[in-house]
Structures are given as C-alpha cells and as structure tokens.
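First, one chain by itself in structure tokens, the form predicted on its own.
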Amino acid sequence: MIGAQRLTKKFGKKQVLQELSFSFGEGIYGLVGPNGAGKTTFLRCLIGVYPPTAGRVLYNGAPVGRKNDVTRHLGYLPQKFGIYPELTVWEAMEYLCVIKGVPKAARKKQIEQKLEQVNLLARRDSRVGALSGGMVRRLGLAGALVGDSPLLILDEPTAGLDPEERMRFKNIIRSLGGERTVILSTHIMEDVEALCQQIVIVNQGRVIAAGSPKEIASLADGMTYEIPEGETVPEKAVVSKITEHDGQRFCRVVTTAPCSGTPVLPTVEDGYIGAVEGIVHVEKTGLLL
C-alpha cells in the first residue's frame, strides 16, 4: 500500500535516512529501533511532512504528491498530540472531522462511534484541558480513526502511559488492522510482540531486518542465555533484561561468545537486540532488506 524506494533524508549535513527501502501492506506493523534511528523521520517522509532529499515514496503504486495525496487516506497520531485545551471532547472531534473532510451529515455518527471505541463517549462534554494524559492519547487515536482511513500511523502511542492505560490502548489497537495498514512506531518491545504481525527494525537510517515476531526472535537462536546475577558476563554479550525464577535473579544475555549460562529460547526483544547491536549477522538469515 505505502512504501519507500531508496529514501534518503538530510537535515543540513546530517543524514538521517540512508537509501531506506521498505513497503507496507495490510496488517499491523511494528516499526522499532534505537532512539535516533530515524523512525519518526521515516514516518514523516511517508506522509509528506518532510520532502525526501533523494528517493521516493509510493502510495498504491504511484509516487506521493499533489496528484496522489496520501493525507486524504491517512489517520495519524503523532508523538505529541495537541489540540486546543478549551475545547470539549466533542468539539475537538468536530474540529478533526472538518480537517479530515468528513461530510457534515456523517460527523455525528462518526464521532459517537470513535469516542465509544476509545471509551471516551461519557466524557464528550469534558474540556480537553481537564483530561488525563492517557485520555488525551485516546482522544488523539479517536481523531486518527475518524474517516475510517485505510492507512493508520501511530507514533509512540503508549509512551508515558501507566500500565492500565497501556493495556486499554493495546486492546484498541489490537481491534484494528483487517483491510487497512497500521504502522505502530514504538520502543516498547512488549507492545510490538503482542500486537504486530510484522516487525521492521530500523537502525542508523536503514531498515536492517523485517519479519514476523517469530522470525525476529529467531535472529537470536542459539545465542540467548540466562546467567545467575553476579556471575561474569562474556565481554561480547549484551544484557537484554533481568529475570527472576524461584527467587533467584538472572541476567538474560545475547552473545556469540562461549557462555556458561543456560541456553533459553529467544524472544522478540532478544532478536531485536542482537540485530541492532551487530551480534547477529542479519544478511545470513534471509531477513535483510
């Protein structure tokens, strides 16, 4: 549906994207990578906020531009969603409907449906400025859903939310997909593993690997161990997390070096860490783009 061909983006002398190529079809995609990897820049190039320095963006097979304006088919929740705090929730949704070109006759039904979907209909008369941070994020998602756009881009939608709000948000996102493309950019691997059919790893301005959660986890096959906390970790190992079993704590590590730890099945996070840290030779896995 939407994708990039040899996409390059520079800000002055700083090159953020380096001939990045990838195409997104239907389903829910997780876009992941370290801070500064180029995820947000990539998304903003896809939707036309940033013009590419080189390369191009295609939507439904045609270059994005005035004759093929992707914004008419887009629902977008940016990292920092902001709207006039003095508006009520209902007024904010009306404003977003106008921006997205929803016909006046369809607005009331659309607003009710989307507010119900994000569990905010009961707060329709509340001022936006009086909502909690999680409620504002849900309002932003409701606005992105207005118009039933075939392309939905969510940039760090659960960042800063408490566990209850994160769970609520994940349940909403899980219900999306179907015949649309959903791109979820996040650094929370637990959310990606729970929600996404495909995972795209970006590092240093390039897509370095992509595949299903099972395929991404398999990048660290035979390289993932648990070592009792306090024991020596191999020099070339990267600690992915600290786990606890039966009251004992362990370092979970990814390494190709000899390791005295207990081999364990890798998770998506292990595969991701192996890829971005250069432990995994992605070109040998078939997941290199």
Partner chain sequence: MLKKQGFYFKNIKSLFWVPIVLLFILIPVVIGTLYNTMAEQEAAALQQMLRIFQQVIPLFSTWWLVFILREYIDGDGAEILYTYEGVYRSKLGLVLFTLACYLALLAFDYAFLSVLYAKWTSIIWVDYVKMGVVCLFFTGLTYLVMYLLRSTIAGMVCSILYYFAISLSGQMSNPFISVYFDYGGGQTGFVSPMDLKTRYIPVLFLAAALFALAYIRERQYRIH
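These figures come from a predicted structure and were not determined experimentally. Residue numbers count along the first chain shown, from 1.
We do not show the form predicted together with the partner chain, though everything after this point is about it.
Interface residue among Leu121, Met167, Ala106, Leu87, judged by heavy atoms within 4.5 Å of the partner chain in the model of the complex: Leu87.
Think of it this way: in the model of the complex, the partner chain has a heavy atom of just one of Ala194, Ala159, Ile99, Ile172 within 4.5 Å, and the residue is Ile99.
For the chain shown alone, Gly48 is a contact residue for the partner chain in the model of the complex, at least one non-hydrogen atom being within 4.5 angstroms. Put simply, Gly65 is close to the partner chain in the model of the complex: some heavy atom of it is within 4.5 Å. Among heavy atoms of Glu112, none comes within 4.5 Å of the partner chain in the model of the complex. In the model of the complex, at least one heavy atom of Gly82 sits within 4.5 Å of the partner chain. Residues of just one listed stretch (213 to 221, 88 to 96, 198 to 206, 184 to 192) have heavy atoms within 4.5 Å of the partner chain in the model of the complex: 88 to 96.
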